[in-house]
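Just one chain is shown here, as structure tokens, and it is the form predicted on its own.
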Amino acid sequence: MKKSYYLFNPGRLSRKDNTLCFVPVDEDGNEGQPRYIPIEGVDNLYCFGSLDANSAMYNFLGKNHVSVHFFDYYEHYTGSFMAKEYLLAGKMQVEQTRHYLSDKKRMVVAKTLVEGAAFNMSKNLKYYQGRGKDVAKQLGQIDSFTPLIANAGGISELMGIEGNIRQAYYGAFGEIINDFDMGNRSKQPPQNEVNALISFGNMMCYTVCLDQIYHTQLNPTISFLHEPGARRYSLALDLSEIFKPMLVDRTIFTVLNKKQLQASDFRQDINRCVLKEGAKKVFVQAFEERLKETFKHRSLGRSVSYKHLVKLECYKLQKHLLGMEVYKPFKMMW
């Protein structure tokens, strides 16, 4: 089974026959013990340290459909190496574009995405309300905003409603998380530990969605809720709205409330809060475990992992765009 690999140390990546060879390099330029990774077991690579590799290496990765995601020193997602799309389909491309260009068709998809995201945020709060957390106020706020989605007259209005729902949702984090204060949501840069984890986790969710879109016929640059822009895969932003509550936020609640991460795992750096390297590893491990978790899918009648669930969401969107089946976003029931 293929899996993701996370390269936290700077180093050099090269090819040895059909195997990847990663040699870590320390601050003084000394090489560490090489690590060999069979290419057939690699789903994608996440690079948090500087990576030295040549074009032959990227050609090898591309032929094996391995994506490489890059992050900077401050944990910002900076870009991805994506192999040439191998599942392109003209009809799919035409219908996806047609739905974006039609205000009516675009709004149908965009509203559905926001409804799914709102439902999953509300479900998260109800889950913790059942465990004694007082989040009734925030649930009431989300319930008051949700009916407005159906009557939104345009994308900007819809984005405003989504923003209000998310603001109410984040207002409950202080009640759910035991020993940390979140305050207001701060992104650029995050000002405290919880905001730093949200930003980092959201980027991880974005790359998971991007990876799964890549393995379908969808074009990741044509989106419906977020505006398509130059040099960004905005469809991954659309889909990640649905999955952030179950993949990112529940991981944050777990690692903080179980004290897997503590205040000493973060540092203040030029007016921002960042995760130390050990904290990134702890979060990434918890996030990976979350992706591997399986549950009984009601429609399919079999167990699927959360990671595969993202690809299933892409398939549902494809069917909607092709006129085969009305898109219904995934709504978690637990």
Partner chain sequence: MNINATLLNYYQLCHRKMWLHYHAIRMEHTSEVVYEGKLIGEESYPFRADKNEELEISLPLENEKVVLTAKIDFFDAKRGIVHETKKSAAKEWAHVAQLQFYLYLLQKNGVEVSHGVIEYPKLRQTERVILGEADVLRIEASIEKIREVLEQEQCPLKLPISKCKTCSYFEFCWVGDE
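Source: prediction; values computed, not measured. Numbering follows the first chain given and starts at 1.
What comes next is about the form predicted together with the partner chain, which is not displayed.
Segments offered: 129 to 137, 102 to 110, 89 to 97, 235 to 243. Contacting the partner chain in the predicted complex at heavy atom distances within 4.5 Å is 89 to 97. Exactly one listed residue, out of N124, S80, T254, Q217, brings a non-hydrogen atom to within 4.5 Å of the partner chain in the predicted complex: Q217.
Heavy atoms of H308 reach within 4.5 Å of the partner chain in the predicted complex, making it an interface residue.
The shortest heavy atom separation between R267 and the partner chain in the predicted complex exceeds 4.5 Å. Residue contact check for V23: none of its heavy atoms lie within 4.5 Å of the partner chain in the predicted complex. At a distance threshold of 4.5 angstroms between non-hydrogen atoms, S299 is in contact with the partner chain in the predicted complex. Counting a residue when any of its non-hydrogen atoms is within 4.5 Å of the partner chain in the predicted complex, the hits in 306 to 323 run H308, K311, L312, Y315, K316, Q318, K319, L322, G323.
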